[in-house]
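Only one chain is given next, in structure tokens, and it is the form predicted alone.
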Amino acid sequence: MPSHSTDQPIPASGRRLCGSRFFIHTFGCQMNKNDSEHMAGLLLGAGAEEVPSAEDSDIILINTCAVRSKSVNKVYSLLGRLKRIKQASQGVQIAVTGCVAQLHRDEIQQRYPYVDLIVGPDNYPALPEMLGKSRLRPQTATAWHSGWQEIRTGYRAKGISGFVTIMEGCNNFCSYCVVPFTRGREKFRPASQILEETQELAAKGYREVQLLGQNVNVYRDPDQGSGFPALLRELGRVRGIAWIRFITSHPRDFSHELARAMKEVPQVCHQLHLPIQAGSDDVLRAMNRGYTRSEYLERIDMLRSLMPDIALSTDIIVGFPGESGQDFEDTLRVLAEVRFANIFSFHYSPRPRTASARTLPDSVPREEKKRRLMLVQSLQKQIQLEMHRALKGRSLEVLCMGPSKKDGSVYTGRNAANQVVNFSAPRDPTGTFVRVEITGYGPYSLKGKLDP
């Protein structure tokens, strides 16, 4: 696979970082959080110690997201603030990793010359070696690898729900999306390694796994050729794992076979994130999504016919170039018709290298984008309130994740539909499944108490 940069992958080595202290600041999605855990494992394995703040560290890693301009600006803002730490102690190393590193390498070098290390997602195994070299001069590694690179450090942050990556990259080239330019093309992890990692999580007491990939529906085991439904069935036989979730699914590639696997494998939660992005066929065509509104709704009907209790979530982009008032109304109608349990909504921002940024004028005024986004979020808030109201008085199974960050006397967890449930309990149920009677609700979470 061709590289978007002129540098070459730097091989990992056994260089030790004994005495070093590191801190990782993570922006972005589940994939980034999983990557940060891998990087922590690599540095711990090289002898470094993880500390709770940038001020306490001599290695500061910023793991970044480039999906939207707002997330990139947050990275740049943080880099500006870190200059003070760098000036106060010349021994501090600053590393930028992830999608912003991959997409904006040259800009980072020019704007923030005090950054010591820039590493794209395909080069994380080289981190310990590169940190040693960057003490002498700045280092970069943003080249692509054509095959899967396995990172197994044995390290896991304490938890109840564990991420397991099954593939990376995307071949779809949606016209607004930077993923093919930040994560590269599709690469599939061998099913044997996925199964082994899931078994390790079960042995450590994890109760849930979340399978990660930019488009998990197209997964194909590079060794046996079997697809994603077969992988789900295999993982369903791992003893100790009670719930299996996955993200993200592309509607075009979501098959009836996959829906049947969701229904038939008891551990697979009846919960699905299926991004529609827009409700207008004209906008979907301009986005290069590869399906129509009616085809998307057919998949929703198929899923609900097999699993009437399925909870659906989606992504919405408003203000895409050329989106008319009628196009936007079509999106609102989809929200009202499908009634998603949750949505992630954004207004369009042009992203570097994408087709829409190169060929389509950003025609919807910023204030109109904001107005449309507020209408989408207002409608969805109303839908979620109505859905949550219908759950009052019901008893739900909840996997407790621990005490609430806002109130230590309240515990928080998620049900199979991935809804947040906050509840009171006479004892600490962290890491266990409990039955919770729903006694109240808001638009974004449920409230309850342990069933007697």
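Computed from a predicted structure; not experimentally measured. We number the residues from 1 along the sequence you see.
Below: the form predicted together with 5'-deoxyadenosine, not depicted.
Chemist: Could you spot which one of R293, H104, R189, H347 gets a heavy atom to within 4.5 Å of 5'-deoxyadenosine in the predicted bound form?
Modeler: Partner contact (heavy atom, 4.5 Å) among the options: H347.
Chemist: If the cut-off is 4.5 angstroms on heavy atoms, which of these, A417, L399, M387, V67, is the one near 5'-deoxyadenosine in the predicted bound form?
Modeler: Residue within 4.5 Å of the partner: V67.
Chemist: At 4.5 angstroms, heavy atoms only, are Y176, Q277 and D315 all close to 5'-deoxyadenosine in the predicted bound form?
Modeler: The answer is yes: all three residues contact the partner (heavy atom, 4.5 Å cut-off).
Chemist: Tell me, yes or no, whether R351 is in contact with 5'-deoxyadenosine in the predicted bound form, where a contact means a heavy atom of each within 4.5 Å.
Modeler: Contact check for R351: yes, within 4.5 Å of 5'-deoxyadenosine in the predicted bound form.
Chemist: Using a 4.5 Å heavy atom cut-off, indicate which stretch of 358 to 366, 189 to 197, 315 to 323, 78 to 86 touches 5'-deoxyadenosine in the predicted bound form.
Modeler: Only one stretch qualifies here: 315 to 323.
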